[in-house]
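Presented as structure tokens, the chain that follows is alone, the form predicted on its own.
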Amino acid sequence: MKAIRGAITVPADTPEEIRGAVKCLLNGIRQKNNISPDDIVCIMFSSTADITSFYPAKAARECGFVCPLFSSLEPPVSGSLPLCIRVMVLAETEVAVPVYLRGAAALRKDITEMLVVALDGPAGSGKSTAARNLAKALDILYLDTGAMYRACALACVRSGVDVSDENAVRAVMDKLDLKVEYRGGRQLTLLGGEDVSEEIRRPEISQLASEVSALGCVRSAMVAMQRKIASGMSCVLDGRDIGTNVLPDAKYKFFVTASDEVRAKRRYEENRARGYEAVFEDILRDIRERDKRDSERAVAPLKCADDAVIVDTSDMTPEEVVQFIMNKIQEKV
């Protein structure tokens, strides 16, 4: 069961306006969360002190909601948003996407205005998992920038190019046909029209991605794509230089990290789950070598932005990481 929050304002304290607002708000919550009336356990309303002509709960009943309903009146608070109806819907659902409409959108700028979140950090820190889960929680786009660099590495492999030869890699980049699409709530990475989302996760491609991402010709092309996407929609981006180079003006920046051993264990378990051979000691060594290479590269090295919030995930669950980040975002709204 999840608690779905929402709010809406009315232009006047009349039964007609309250009926219309409640219907609009509850229908919006149902659509955003893909739930039916049968999924709803109960609905609880609270109204600001200037709404007295009609109970929102009665309006909900008139709209056909047969679950338990409750209405309360908030005490007068100086400076509070006027003529506002708040709601909490308890429903049997896996997601809880909040809905804030009309003037109530000012209460949750983190979900009603364009929101760009930058997550940086080393391999295995949990930043990709955090980015995906955060985007889902905020109901916004997740842009997996690492997948883009992996696709560049795969293109080089398929072209038989040595990734240490920047001129040869530049020739591949000049002809690169890379697209990112979103279907069914997940990002697909297309190389020459082919879905390579799974192939780019092979360990050897991940290792090569670290090498090609250090090349200026690769980074300039990918950064241009990432900036274009982030300029047009709310999204979460994860990588190694999002907050320092790709989107230095992003309002919300986080540096996600964990101990070497924890990160190696995560990558070990991930590879085993994908059916790849894995030796923990080898992965730990690769992790440390990659950290060194990423942090010492000449172009856009891995580092924590001065204004980023550090998130050490060593002893945190994925759910705790997302909640921590969301709390920090809400503090800055």
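Throughout, we count residues from 1 along the sequence that is shown. These figures come from a predicted structure and were not determined experimentally.
Just so it is clear, the following notes concern the form predicted in complex with a small molecule, a form of the same protein that is not shown.
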Per contact check vs the small molecule in the predicted complex (non-hydrogen atom within 4.5 angstroms), the hit among 205-213, 68-76, 163-171, 101-109 is 205-213
State yes or no: in the predicted complex, is some non-hydrogen atom of Gly126 no more than 4.5 angstroms from a non-hydrogen atom of the small molecule?
-> no
Exercise: Tyr149 in contact with the small molecule in the predicted complex, heavy atom 4.5 Å = yes
Does at least one non-hydrogen atom of Arg132 fall within 4.5 angstroms of the small molecule in the predicted complex?
-> no
Contact test in the predicted complex: Val236 vs the small molecule, heavy atoms, 4.5 Å = no
Among Lys253, Arg86, Arg240, Arg263, just one has a heavy atom within 4.5 Å of the small molecule in the predicted complex, namely Arg240
Sort through Lys303, Arg297, Arg61, Lys32 and report the residue having a heavy atom within 4.5 Å of the small molecule in the predicted complex.
-> Arg297
Does every residue of Lys136, Arg186 and Thr313 put a non-hydrogen atom within 4.5 angstroms of the small molecule in the predicted complex?
-> no
